[in-house]
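We begin with a single chain expressed as structure tokens, specifically the form predicted on its own.
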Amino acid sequence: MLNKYARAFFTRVLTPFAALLLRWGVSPDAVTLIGTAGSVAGALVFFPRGEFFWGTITITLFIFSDLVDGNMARQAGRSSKWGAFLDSTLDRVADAAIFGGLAMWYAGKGDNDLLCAVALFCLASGQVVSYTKARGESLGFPVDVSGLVERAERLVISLVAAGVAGLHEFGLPYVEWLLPFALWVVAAGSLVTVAQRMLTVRREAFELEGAGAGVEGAEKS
């Protein structure tokens, strides 16, 4: 749900910027690559050192490229399956860097093996959330359930919590607990979303098999 409304809002806001980049001769694929590189760098440079505020600021600035590149492609009339594939693939790379960077912090100076495991679970389950939809659709099932926690929710919850927790560096008290809480929320929400999508595909598969059996029975009769 968040993905739907936030994407529509920011797409309108960023349309003039996308048009400017096209006039400068920048390609949508270049924006996708730069945005991913910036997000990965922000996550793997700042998060493992516990600099959550600056890491979040850096990632947020680059993550808007996910909206700009598609906007550019539509304005230029160059939307393609390759562009969609590149965008989706690099989204997974950026997500992995974000949760991987958090896991590195808790495995190192953060010194919390449990939260390191939770961050790794968020990384893995986020990939599985995307895979269940892609695999289901490749088998011919619509997988029309959004699920409790999609990519937009995972990123907003995690990055907002990391950014606010990072204010602890500047003397703001009692904010460092927000990041662990957010990771648990994302982990639980991702698990529910995987289950929702698996149950949806299971139901659609059984309905299809039932319809096929019914048609076969009608033909025999």
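In this text, residue numbers run from 1 along the sequence as written. This is a predicted model, so every value here is computed, not measured.
In what follows, reference is made to the form predicted together with a small molecule, a form of this protein that is not presented.
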ask   = Does the small molecule get within 4.5 angstroms of any non-hydrogen atom of Gly100 in the model of the complex?
value = no
request  = Determine whether any heavy atom of Ser79 comes within 4.5 Å of a heavy atom of the small molecule in the model of the complex, and answer yes or no.
outcome  = yes
request  = Find out whether any non-hydrogen atom of Gly35 is located within 4.5 angstroms of the small molecule in the model of the complex, and reply yes or no.
outcome  = no
4.5 angstroms heavy atom contact with the small molecule in the model of the complex for Leu123 = no
